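Two versions of one and the same chain are coming, encoded as structure tokens; call them structure 1 and structure 2.
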Structure 1
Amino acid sequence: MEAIILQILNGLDKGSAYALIALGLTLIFGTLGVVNFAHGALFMIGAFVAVTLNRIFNLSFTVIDETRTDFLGNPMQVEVPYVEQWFGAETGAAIIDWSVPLAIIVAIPIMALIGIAMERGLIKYFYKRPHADQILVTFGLAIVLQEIVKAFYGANPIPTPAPDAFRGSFDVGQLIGFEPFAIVYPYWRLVYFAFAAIVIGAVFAFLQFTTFGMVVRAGMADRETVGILGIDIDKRFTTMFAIAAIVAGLAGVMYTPILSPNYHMGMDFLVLSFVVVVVGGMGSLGGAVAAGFLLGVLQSFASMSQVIDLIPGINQVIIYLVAIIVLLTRPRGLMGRKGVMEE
């Protein structure tokens, strides 16, 4: 029982990341009709915004400490971060400690700008081109972004910890009447789940309750009619792209304490997120979110050793197996609308 609850929690976490990326993919596909293979790169860039902010906060000047020696036996050079110099040791340390949550504030404008630049600078020229062209160009863009990040940050994962207050784990089991240590779950993963729920809620509320959102939904239902009604669809397309980029970026920022950022993390998540989108139904926002969580949980269960012992290798193929079954029985995905990708 404990094992099952733990795997559900794991699945919800992984599912949160899948759902956030798939949500952005669906927003772009649903409104602009573009299959954006560079979306995983946006997730990765978000994570590296957190890394960069952490590095900026850690920028230091060197003080020679004669009482200690370094690895060559020379006097030790001690690094003192500028923020500790400016704000005092305690406040400075707290700023460094909270760099991941603080990165959210920085990431929103940065991701918006990157999204706008991507859409205006490249993707808009491919709206009328076939999906294959869009996939090629966005996939190429993803590789370019990935290589740029690697050139600057190296190939090794860069640990970017959560604030001290959220390190360690929480005995979820004891809260609901289990033995101590039966269900222990890291604080930050609970935070991530809550954060994902808030972002998903905010995106849905935005689409549901604002005029802009109404037009976007109308556009997703019938793009041409909305265009004929004289709405400046170009501007809205750009905005949608920026929003999708922000969602992916924030998902990446908050994921850094869970998975040390590395340059190929975007690609790792992208493939799975596409499966999520297809299973959920191309163009269905609710489907993307539901399928994200569903596949996250299924993948977690498939990684249990009892399950692997029963069906060896199931942990590596479960996602694709589900995708095949869903597409065979419901070609438009769980919550997909008729007509999308069927023309």
Structure 2
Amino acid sequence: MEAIILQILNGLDKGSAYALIALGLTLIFGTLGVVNFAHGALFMIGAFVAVTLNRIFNLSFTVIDETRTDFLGNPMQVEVPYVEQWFGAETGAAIIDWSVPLAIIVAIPIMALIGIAMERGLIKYFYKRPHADQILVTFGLAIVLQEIVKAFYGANPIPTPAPDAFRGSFDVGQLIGFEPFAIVYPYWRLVYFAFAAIVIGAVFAFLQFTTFGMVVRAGMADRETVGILGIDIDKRFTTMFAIAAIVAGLAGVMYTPILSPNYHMGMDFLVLSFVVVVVGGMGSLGGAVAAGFLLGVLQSFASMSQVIDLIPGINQVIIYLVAIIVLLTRPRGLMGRKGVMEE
């Protein structure tokens, strides 16, 4: 039972990332009708926003510390971060320690601007083009963004730690009645799952309970009728592209302590997230989220050593096998809408 619960937690952790990226993909496809293969790059950019902010906070200058000496008895030169000089040693150290959560504040406007620039500068010219053209141009854009990041940050992963308060593991087992230390799980992974749940809930609440969201949902169902009513649906769709970019970026920011950012991480997650979207049903927001968590849990169980010993390599293909089975039995996906990508 302990192993099962642990694998469920692992699956929810992976599923959170899949669900957030797939949610953004579905927002873009559902509102704009664009298959955006550059969406994984937005996840990557969000991660590197956290990396950049951490580096900025760690910028330092050299001072002579008279209280410390080297082996020759000379005063030592030490590096003092600027934030510690500006805000004091204790506050400055806390700012550096909490650089990843603080990156959320910075990432929101940055990702919104990037999303608007992508939509207005490139994507809008492909609204009425075939999906194959959209895939090619957005895939090319993803490669360009990936190579730009590689040029500035290098090819190696860049460790970005979580705050000290969330390092280590939490005794989940004792919380639910098991023996102490029977089920322990990293704090930050639990934080990521909670964060994903909040973001997903906020997006659904925004679409369901605000006037803006209701107009967008109406535009997703019948864009021409909404336009006839005098509503500038294009501006609202641009806003939705920005929101989708923010969701992907925030997913990347909070994932940095779990997976050290590298230039190809966006492409790694993109392929799996597109499978999630297809399994959930093209254009279905609920389907994307449900499929993200479902496939994350299945992939986690398939990664158990007992399963791999029985079926070698199953952890690498389980998501694709599930996709094949779902599409054979439900061609529109689990919650797909009639007519989406069926013309």
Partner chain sequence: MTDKNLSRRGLLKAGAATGVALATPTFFTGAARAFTNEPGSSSVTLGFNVPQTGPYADEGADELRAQQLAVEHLNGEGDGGMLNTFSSQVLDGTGILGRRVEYVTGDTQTSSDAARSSARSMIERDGAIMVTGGSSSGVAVAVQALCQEAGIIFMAGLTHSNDTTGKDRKANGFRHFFNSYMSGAALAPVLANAYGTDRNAYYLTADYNWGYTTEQAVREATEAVGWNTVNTVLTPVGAGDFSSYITPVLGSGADTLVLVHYGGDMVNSLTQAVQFGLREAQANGRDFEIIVPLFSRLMASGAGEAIQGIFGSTNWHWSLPDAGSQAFTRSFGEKYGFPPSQAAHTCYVQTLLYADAVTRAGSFNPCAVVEALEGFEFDGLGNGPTLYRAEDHQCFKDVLVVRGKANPDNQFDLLEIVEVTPVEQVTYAPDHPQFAGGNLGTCNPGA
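Each residue is numbered by where it sits in the sequence of structure 1, with counting from 1. Here the structure is a predicted model, which is why all the values come from computation and not from measurement. Throughout, rigid core stands for the largest set of C-alpha atoms superposing within 1.5 Å between the two forms.
*Asks:* Of structures 1 and 2, which one represents the form predicted in complex with the partner chain?
*Replies:* It is structure 1; that copy is the form predicted in complex with the partner chain.
*Asks:* Any CA movement of 2 Å or more for V78 between the two structures, core superposed?
*Replies:* Yes.
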